[in-house]
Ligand code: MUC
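Next comes just one chain, in structure tokens: the form predicted alone.
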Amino acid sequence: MKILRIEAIPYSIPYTHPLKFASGQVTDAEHVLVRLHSDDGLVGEADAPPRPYTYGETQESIITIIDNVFAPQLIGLDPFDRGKVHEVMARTIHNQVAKGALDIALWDLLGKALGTPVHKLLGGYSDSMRVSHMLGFRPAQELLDEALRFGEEYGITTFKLKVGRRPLALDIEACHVLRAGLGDDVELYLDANRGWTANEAMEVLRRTEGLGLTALEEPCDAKEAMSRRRLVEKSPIPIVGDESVPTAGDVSRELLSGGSNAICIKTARSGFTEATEILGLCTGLGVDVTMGNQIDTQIGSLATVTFGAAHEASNRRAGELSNFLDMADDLIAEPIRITGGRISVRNVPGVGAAIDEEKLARYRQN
């Protein structure tokens, strides 16, 4: 079997409302559908979600790097020679989302060729993951109303609160209102998307002490190495690296330098292959991981479930899997269901994210 053709298809689907956080906001899912065609008629598929304000990649840059740099070198390779595929991609620095999508599409293709679900090829630990829902920038009472609704409708009991606003009182109030309204049995953790300084983050932790918050993700820019290290040393809860750790090398740097003591894995930027390397590194060091969300579609969320459910360490915590509910539509043919606060893997060959071709035709941009 050989890779015959690679497609990078731009499409755009609106969100039902703007999603706001410290590093920016999005109103439409302007993503790229990546397809790897084999010479025996199989197709591996994955979604590439550009986040220019975080990783510097755009819809246009992902298409360009795939069409002009990666595809000419990958066409003709045996997809089972994954080491050769990654050797090609490693020659080009950055472009993590483009690389991640190609890797997931490759695994999807291999699963279909072997007639095996990819979650089993990766490890097969569990058949589902618990769901964590992300709460964006809104007034405190609206955040509570949303959390209560998601708890009632979907059985979700873990919430990530997007913070990083000024004045700090906005986010501090939200933490107190959520805890008072949701009770002690619901898990709450924070993500500042580098919106604060280390000192501001320490002040928020001081003023939310006793609320049972379980983690604080990217409180400040990791490049502020000294203050970030001081924050990690003094924080009573884990400081999670996310934007600062897109690669296994970045993870090593942040853990060894004391810039983080927990790690967020996102398959959208690491694919399954580098995510496995990151997970192994963290497991060996005894570092907790979370499965993050890059404001993913259902295609991307299913990829996260596929990887997260495959391993015990990545399945311990609830994965951030529900942001597709904020989309007006999706390309996936068989919609994801959240039942009892969990999403199940697909027990079909590949990842299981079959595409609705009519919807692709409706939303594609070329």
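These figures come from a predicted structure and were not determined experimentally. The first residue of the shown sequence is 1; numbering continues from there.
The same protein also exists as the form predicted together with this ligand; that form is not shown, yet it is the one meant from here on.
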item	value
Partner contact for residue 55 in the predicted bound form: this ligand, 4.5 angstroms, heavy atom	yes
In the predicted bound form, residue 103 touching this ligand (heavy atom, 4.5 Å)	no
In the predicted bound form, residue 295 touching this ligand (heavy atom, 4.5 Å)	yes
4.5 Å heavy atom contact, residue 134 to this ligand in the predicted bound form	yes
Non-hydrogen atom within 4.5 angstroms of this ligand in the predicted bound form for each of 51, 217 and 242	yes
Option touching this ligand, based on a heavy atom within 4.5 Å in the predicted bound form, out of 119, 99, 266, 228	266
Proximity to this ligand in the predicted bound form, single hit among 126, 73, 193, 157 (heavy atom within 4.5 Å)	193
Contact segment among 204 to 212, 287 to 295, 85 to 93, 138 to 146, judged by heavy atoms lying within 4.5 Å of this ligand in the predicted bound form	287 to 295
Contacts with this ligand in the predicted bound form - residues in 198 to 213 whose heavy atoms fall within 4.5 Å	none
